[in-house]
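The chain below stands alone and is given in structure tokens; this is the form predicted alone.
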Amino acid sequence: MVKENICNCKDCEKGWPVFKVLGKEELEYLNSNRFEAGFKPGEVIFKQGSPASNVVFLLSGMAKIYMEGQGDRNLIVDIVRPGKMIVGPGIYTDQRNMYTVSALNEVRACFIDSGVIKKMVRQSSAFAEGFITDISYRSEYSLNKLMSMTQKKMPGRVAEILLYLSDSVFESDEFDLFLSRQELADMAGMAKESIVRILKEFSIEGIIDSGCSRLKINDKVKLNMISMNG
């Protein structure tokens, strides 16, 4: 993990959009209370149960947010791209991180003291509104994911994940899939064997082309139907 700042809050191209409401002095204060670190694929950025002392933003690369369950079973909550805020409710409750975040590929992350973020929330109503809006969107996504996992059958859950990766993560119908089959299973809340079987069925039906490290969606209409019908 390398600690060397190569960015500045005032001119960061990957900065969180909510920071744009802050003035020059506030951005300088923010910049003086942060540090950057680099992570290799698979390295933990922060650990479930550790102190929630920082809010994290990715400057480059992608990371997975997951909850560690019993028996080495994990549930991937989200895939994070650059510019998104990574923060849990722990900064306002028990001061603990409720999930683990680890790098999926080469990642450079920006850590900002959570106390600084709280101060900005108290001082700026525009910043507070942006912060609450971001948290609200994340809560909405988590509730929809919970509903899908409890009500949809396995093909519907797999279809939903593929659509999410296509539309929200890679923004393309064809992408390099650096997630393992086990990680896809952790996103869907199912066994690895089940997701391998369903991906093979989708491939046979011509809905997708799925290689070892690349995936292409051929029939998005059908995939949407499978996702909606569960």
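It should be emphasised that the depicted structure is a prediction, and the values quoted were computed from it without experimental measurement. The first residue of the sequence shown is number 1, and the count goes up from there.
The form predicted together with a further copy of the same chain exists for this protein as well; it is not shown, and the discussion that follows is about that form.
By the criterion of a heavy atom within 4.5 Å, residue 121 is counted among the residues contacting a further copy of the same chain in the predicted complex. At the 4.5 Å threshold, heavy atoms of residue 77 reach a further copy of the same chain in the predicted complex.
Using a 4.5 angstroms threshold between heavy atoms, residue 67 counts as touching a further copy of the same chain in the predicted complex. Although the partner is absent here, residue 90 sits close enough that one of its heavy atoms falls within 4.5 Å of a further copy of the same chain in the predicted complex.
Contacts to a further copy of the same chain in the predicted complex (heavy atom within 4.5 Å) from stretch 134-163: 135, 136, 137, 139, 140, 142, 143, 144, 145, 146, 147, 149, 150, 151.
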